[in-house]
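Presented as structure tokens, the chain that follows is alone, the form predicted on its own.
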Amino acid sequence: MIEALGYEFFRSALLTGLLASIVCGIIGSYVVVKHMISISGGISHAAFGGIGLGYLLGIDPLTGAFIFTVGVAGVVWGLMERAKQHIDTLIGAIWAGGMAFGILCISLTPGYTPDLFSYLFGNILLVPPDHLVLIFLLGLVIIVLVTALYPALQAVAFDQEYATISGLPTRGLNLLILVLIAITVVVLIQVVGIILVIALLTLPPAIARPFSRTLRGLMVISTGVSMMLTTTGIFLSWIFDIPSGSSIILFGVLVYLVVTCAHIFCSLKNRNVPFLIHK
């Protein structure tokens, strides 16, 4: 591991994981508390349409993913307000439609289209310096917005009806959250890829949830957990020569199972329920 730190690309990968973890911990906590996992999954997979469109138009695929994903977030916001009873079906259509549109655009792109595997499953070891700066700037924007609007966002997360009655602009806040989810997806594409991005959004908050009683605390602990998962996953990928995205997620799943089993065991133990022993 000491040898790995001697390489600039490896240090860059670690820094990328730490910066992405800040974004992941903040937005992922809101996604879990607000029960927006399926919506986030639809937005994340629709990002592949933007990558395909970027290849077709000859622009940076991540730029195409950013524009396309923010647009999809706006569409999802409109559907959430007008078709609440059918939102799961509509999200499924957006999920599949975005992937299909990306495949169509790539098939229409002349010449060879490289790096598709890295967009689907991530390769944090190949993040260029300019994308590292982009991740930093996007993360900074998310931190500033969430910090400034935290009381309103907390109210909408736990009781949207009460927030609406209180006069808070709930529709605008929901749109903002969906746009921030779209930005987070673009940030995490190079870390774990489109296929696994929803896991990195949900696993750290799920691991941190038993240790926090407030949304702010959940965001802080989730950020720390995400940093631990990405850093350990990157080192595991170096040691065992396996894909970084897969190692990050599998390690996260292992930690989640351990924490969940320990939480269940402690809950049962604290109940002091007598067991009947039959001879």
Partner chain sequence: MITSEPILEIRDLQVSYGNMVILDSVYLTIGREDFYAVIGPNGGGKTTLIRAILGLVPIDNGEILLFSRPADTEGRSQIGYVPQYHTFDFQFPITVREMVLTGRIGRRGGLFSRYSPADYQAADRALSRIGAASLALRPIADLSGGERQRVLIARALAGEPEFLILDEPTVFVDTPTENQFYELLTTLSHEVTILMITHDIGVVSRHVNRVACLNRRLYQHESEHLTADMISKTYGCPVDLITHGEIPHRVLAKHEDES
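Residue numbers count along the first chain shown, from 1. All figures in this text were calculated on a predicted structure; none of them were measured in a lab.
This next part talks about the form predicted together with its partner chain, which is not shown.
- Not one of L57, I106 and S118 places a heavy atom within 4.5 Å of its partner chain in the model of the complex.
- Shown alone here, N123 lies farther than 4.5 Å from its partner chain in the model of the complex, counting heavy atoms only.
- Under a 4.5 angstroms non-hydrogen atom cutoff, its partner chain in the model of the complex lacks S246 among its neighbouring residues.
- Using a 4.5 angstroms limit between non-hydrogen atoms, I221 is distant from its partner chain in the model of the complex.
- The closest heavy atom approach of L149 to its partner chain in the model of the complex falls within 4.5 Å.
- Listed stretches are 211 to 219, 232 to 240, 248 to 256, 63 to 71; the contact stretch with its partner chain in the model of the complex is 211 to 219, by a heavy atom cutoff of 4.5 Å.
- Proximity to its partner chain in the model of the complex, taken as a non-hydrogen atom within 4.5 angstroms, holds for one residue of I91, L132, L168, M99, which is L168.
- Contact residues in stretch 142 to 163 (any heavy atom within 4.5 Å of its partner chain, taken in the model of the complex) are T147, A148, L149, Y150, P151, A152, Q154, A155, A157, F158, D159, E161, Y162.
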